Every structure is written in C-alpha cells, then in structure tokens.
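Before any questions on how it binds or moves, here is one chain, the form predicted on its own, in structure tokens.
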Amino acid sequence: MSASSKKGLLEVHNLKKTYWNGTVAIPAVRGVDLTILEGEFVAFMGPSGSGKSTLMNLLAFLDAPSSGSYSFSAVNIEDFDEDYRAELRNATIGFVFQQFHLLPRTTALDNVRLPLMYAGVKRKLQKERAYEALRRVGLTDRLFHRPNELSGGQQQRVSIARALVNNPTVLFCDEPTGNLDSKTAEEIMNILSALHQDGVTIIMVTHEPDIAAYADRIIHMKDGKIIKS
C-alpha cells in the first residue's frame, strides 16, 4: 500500500501530559501534533526525559493525556472512560517491552496463549492461535520450553508472539532490543520488519540509531516536543 493510499490510524492534536509533584507541574509532553498511518513503522528517538516513552504510553491508552485530542481509527478516545479504553487496548494493541515479562514456570506456548485465556477464548483455539503466533517468529521447535531454557532472543520472540496472538492493529515496542546483543537485536528487528511487511503498524521507542533505521519514519523528541519527523 502506497503512503498516499494509507489511512490515518492514530491522530493527536495539541496533546499534553503534565505530572505533578505537590504543587510543582512537570510537563512531559508539550502540545504534540502527530498522525501515524495505517501500516506505518515509526520509531521515536530522543534523550532521556524527552517525552518519547510518555507519548507512547498516551498513544497506547496506558495513560490519559492532560489535554488535547486523540483519535484511534477515527474514534475520539477522550470521549470514553477507562473501562472502554482498556477493552479497546486489549482488542487492538500488542506490547513488546525491553523486559520480556514472561511467566518463569510456564512454557512458551502457555505464555503466548495467556491473553486468549483472559479473553475467554476456547482452549483449542487458544493453542491453535498461540502455535501460529510462535510459527510467525520461528519458534515452533521451542513450544514447551520454559523461559530459563531459552536465550534472550528466544524469550523476546515469545513476547512478540504473545503480543501478536490477538491479531492487534498496532504493535508498540519499548526498547525491544535493549537487553540483547547486536546479532540477536538484528534477528529481532528482522522479525519486526517482516511483521511490518505483513501490514502490522509498529510504533517503537529506541535510543539506538541503527535500530531506528529499520523504521519508515523516525520522530525525534526533545523536552516533550517533536523537533523532527
């Protein structure tokens, strides 16, 4: 799909987030305007404290903005309460973190099917979809291995498979290669690139230029603002 034919998936206008320490205001995101297209691969970069992780949390409904507007698939998110946003998040968004967040005594297959268990999907379908997600990341030979029997790269593949098992519209990745060596990081980024080629929208936070280079677009932030995109 060409850029001109893609639809706006996430759109924010004058988005702000301010935290408070007593009576002291700490602005984290300062009036951001941004459109992310359906099927786009976007990387956020910036120094510590630039607001990139806060902005990602706002885009993923993990935090609520202090002001501004935000639409997701043309739905105005600020019109709905936290329960609705949680339902929308569970149905449309996958997360990959720097820390893998896998259950240590649980097999790769069972770690991946956890979101489906919580969603009430029938057990047979859980296993079928978990297997398919692990196939997409090249781990069908590790279905019954526990995290301590897997390398760091394999654990991150399991976490990517878990993020994919609900067929999300958009995948948020927060420093997905931060705990990996360069060779393994390249393997993980090749997987994310393949998912992007399959049409998954990916929004990634990274501080590494060589990792950001995998994205279609790099958005640079400083002091809570976008300075280059």
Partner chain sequence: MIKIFTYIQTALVQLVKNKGRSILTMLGIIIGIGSVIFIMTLGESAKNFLLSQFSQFGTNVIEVGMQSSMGLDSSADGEKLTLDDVQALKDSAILPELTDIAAGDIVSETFEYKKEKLSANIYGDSPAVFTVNNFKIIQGRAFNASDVASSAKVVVLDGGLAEEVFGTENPVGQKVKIGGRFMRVVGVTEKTSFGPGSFGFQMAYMPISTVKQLFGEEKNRNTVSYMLIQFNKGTDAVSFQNRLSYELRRLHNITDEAENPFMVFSRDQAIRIMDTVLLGIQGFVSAVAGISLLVGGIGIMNIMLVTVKERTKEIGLRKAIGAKNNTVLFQFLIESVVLTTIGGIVGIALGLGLSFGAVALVNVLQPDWGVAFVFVPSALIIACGVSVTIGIIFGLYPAIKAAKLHPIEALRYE
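Numbering follows the first chain given and starts at 1. Worth saying up front: this structure is predicted, and the values here are computed from it rather than measured. Between two forms, the rigid core is defined as the largest C-alpha subset superposing within 1.5 Å.
The protein also exists as the form predicted together with its partner chain; that form is not presented, and the subsequent description refers to it.
From the list 133 to 141, 69 to 77, 150 to 158, 82 to 90, the contact stretch for its partner chain in the predicted complex under a 4.5 Å heavy atom rule is 82 to 90. Proximity of Q98 to its partner chain in the predicted complex: non-hydrogen atoms within 4.5 Å are absent; the residue sits far from the partner. Proximity of L62 to its partner chain in the predicted complex falls within the 4.5 Å heavy atom cutoff.
In the predicted complex, at least one heavy atom of N57 sits within 4.5 Å of a heavy atom of its partner chain. Remark: L125 does not count among the residues lining its partner chain in the predicted complex, judged by a heavy atom distance of 4.5 Å or less. Annotated contacts: G51, T206 and K222 are all free of its partner chain in the predicted complex [non-hydrogen atom within 4.5 angstroms].
A displacement of 2 angstroms or greater separates the C-alpha positions of E82 between the shown form and the other one, with the rigid core held in common.
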